[in-house]
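The chain below stands alone, shown as structure tokens; this is the form predicted on its own.
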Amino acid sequence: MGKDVIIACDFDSAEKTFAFLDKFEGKKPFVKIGMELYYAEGPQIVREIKRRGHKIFLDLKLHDIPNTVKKGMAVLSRLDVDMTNLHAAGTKNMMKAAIEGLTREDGSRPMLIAVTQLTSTDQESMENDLLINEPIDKVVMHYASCAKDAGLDGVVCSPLEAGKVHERCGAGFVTVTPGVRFADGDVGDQKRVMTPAEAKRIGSDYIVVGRPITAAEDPVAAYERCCREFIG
């Protein structure tokens, strides 16, 4: 499995998104389409970015009763994305239903990964807001194990947990890690963060990088720096 840098295209319009992607002349970076862009532009934005030749991680974090998630994933499977996700907190039954919905008639499907705990969540907020009193590492590992048992391909986790996830679930179980910042950059609202080089060392398979690239004075140079540090 090759490592890759996924750019979080957290824009509120197609116009801004394409103005950004047009800077990458001759390059087709792997991109993440999240709630903001998808809710603004709908499935057509996915089709157009795919038509341009980009790999797509559709980051909508489904979390509902199993039947609803199954039907939602069946619709998303028609968009020909490369990766999509859900919340592991929705239970194994929900995750199994998601795979059923996502799998096409020919047996193919996008990669499906589960969100463990958001990188904006720390131990204090998990205990106070979610009433989960176990150590956050233990919670993430349990959610990862449940995702693997349900047949998913991997998890979204902080880079701090990627190596431990591989130890628990195997080297082939994918870790997709947001919360990546340059050593000389601003951490923003993320609390569990790491540099691209550190994420590489600890075993992340994919890093998701947003503002350090999208808000950079030279986004292409920032992307290339990320690739150098993470992929080599």
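The first residue of the shown sequence is 1; numbering continues from there. Here the rigid core means the biggest group of C-alpha atoms that line up within 1.5 Å when the two forms are laid on top of each other. None of these values were measured; they are calculated from a predicted model.
Not on display, but discussed next: the form predicted in complex with ligand C5P.
Engineer: Please pick, from K61, R47, R201, K27, the one residue with any non-hydrogen atom lying within 4.5 angstroms of ligand C5P in the predicted complex.
Structural biologist: After the contact test, the surviving option is K61.
Engineer: Quick one: from V156, A97, A147, V140, grab the residue that has a heavy atom within 4.5 Å of ligand C5P in the predicted complex.
Structural biologist: Checked against the cut-off, the match is V156.
Engineer: Residue-level question: is P219 within 4.5 Å of ligand C5P in the predicted complex, judged on heavy atoms?
Structural biologist: No, P219 is distant from the partner.
Engineer: Quick one: is P178 in contact with ligand C5P in the predicted complex, heavy atoms, 4.5 Å cut-off?
Structural biologist: P178: contacts ligand C5P in the predicted complex.
Engineer: With the cut-off set at 4.5 Å between non-hydrogen atoms, does L21 touch ligand C5P in the predicted complex?
Structural biologist: Answer no; every heavy atom of L21 is more than 4.5 Å from ligand C5P in the predicted complex.
Engineer: Residue-level question: is C227 within 4.5 Å of ligand C5P in the predicted complex, judged on heavy atoms?
Structural biologist: C227: no, not in contact with ligand C5P in the predicted complex.
Engineer: Can you name the residues of 114 to 136 that have a heavy atom within 4.5 Å of ligand C5P in the predicted complex?
Structural biologist: Residue within 4.5 Å: T119 only.
Engineer: Quick check on N93: with the core superposed, does its CA move 2 angstroms or more between the shown form and the other one?
Structural biologist: Superposed on the core, N93 moves its C-alpha less than 2 Å between the shown form and the other one.
Engineer: Could you check whether the CA atom of T103 moves 2 Å or more between the shown form and the other one, using the rigid core for the fit?
Structural biologist: No, T103 moves less than 2 Å.
Engineer: Tell me whether S77 is among the residues that move between the shown form and the other one (Cα shift of 2 angstroms or more, core superposed).
Structural biologist: Stays below the 2 Å threshold, so no.
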